[in-house]
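What follows is a single chain, given as structure tokens, in the form predicted on its own.
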Amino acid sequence: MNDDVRDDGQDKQSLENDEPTSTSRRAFIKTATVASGAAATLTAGQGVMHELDLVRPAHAAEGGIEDTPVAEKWWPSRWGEGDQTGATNHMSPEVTLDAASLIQTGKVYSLGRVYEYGMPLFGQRVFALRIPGAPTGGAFGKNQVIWHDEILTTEIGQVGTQFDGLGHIGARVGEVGDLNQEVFYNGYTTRDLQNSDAEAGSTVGAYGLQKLGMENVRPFFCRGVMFDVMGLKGRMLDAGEEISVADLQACLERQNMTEDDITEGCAALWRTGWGEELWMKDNARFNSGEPGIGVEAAEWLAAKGISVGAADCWAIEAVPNPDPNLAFPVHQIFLTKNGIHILENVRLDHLAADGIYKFAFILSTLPIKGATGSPGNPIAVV
């Protein structure tokens, strides 16, 4: 038993899925958090923190901020103050037609994992499905119809193949406890994201985000570009191993592609081997850390104008980060700074086996009002 406080009635799966790994995850997250506090004392010349322009939009707090964990002021977004759509603003007829031009054979690849008992889960997240009754209803009518329903208990947007909305990740840029100093995409704050319960004295809105919810995400029909880093390296990458810009460029060369193939609005995916080698095979190791892109590669992809970054692991970025002062910085670069969505735990081995590196990427997330993320089954069509 680890040091988490558990309900006696907690679902058994959460114990089985999380027990071996939740302590290790807390350890490296805690280490990064403590180290980041020390980082604030370093000089700007060391590249850790930079001064922040204090001009803020109306929905962000005024004054009192000199530095942020993600280096520079990121709002308003390129799509203007008040935007909640983020990089799915790229979804246009031109982007769709470009993606459609890549369809030559009509072959469809499912990139999603099966949502099932025993899959790796982050921390104390839960996935529990129950069928009420046997059957749930019936029989009725002369035809004696019967049916089954299901009850699903889970963090619906944050388990399995999961799509991160813009309300999922932010950055504290001021004093602890000041909800106006916790900033998300386009300058929206925790206070902005709360519901009316906050006005009655609640510190956290319990009934969905009032801004940046999943209802703002547009369907994806765009070009997909896969970087087969596992193929490049000839092995599964290691936990904490950072994928560099040079690695991504080497993948393009190996795949007979150029940087021109990374078009604005496209989906970028990278294969590390972590998923295909460990998913449902060694969950403890899968959850203990992961390979992925680092800050340099994230900034490079963001500058290319991608709409979503995806990988075959649970956080798309190197964990623990090679810089012990940082915890999940790629999430902040993508979601918080640039409105680029994140798609985790996708399957890519079958694309690599068939030598498929460019394709039409299609995904329609669940428009759950106020949700932080969505499940889904993205597809690649060639």
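From 1 onward, residues are counted along the sequence shown. From a predicted model like this one, the values you see are computed outputs, not experimental measurements.
The form predicted in complex with ligand UVW is left out here; the points below concern that form.
The single contact residue among Gln162, Asn186, Thr272, Ser307, judged by any heavy atom lying within 4.5 Å of ligand UVW in the model of the complex, is Gln162.
Among Val295, Val173, Met91, Ile169, the residue placing a heavy atom within 4.5 Å of ligand UVW in the model of the complex is Ile169.
With a 4.5 Å cutoff on heavy atoms, Phe122 counts as touching ligand UVW in the model of the complex. For Gln181, no non-hydrogen atom is located within 4.5 Å of ligand UVW in the model of the complex, even though that partner is not displayed. Within this chain, Thr190 is remote from the site of ligand UVW in the model of the complex, having no heavy atom within 4.5 Å. Interface residue remark: His331 is counted as part of the site for ligand UVW in the model of the complex, having a heavy atom within 4.5 Å. The partner is not drawn, yet in the model of the complex one stretch among 276-284, 100-108, 220-228, 122-130 has residues with heavy atoms inside 4.5 Å of ligand UVW: 122-130.
Contacts between stretch 298-328 and ligand UVW, counted in the model of the complex as any heavy atom lying within 4.5 Å, involve Trp314, Ala315, Phe328, listed in sequence order.
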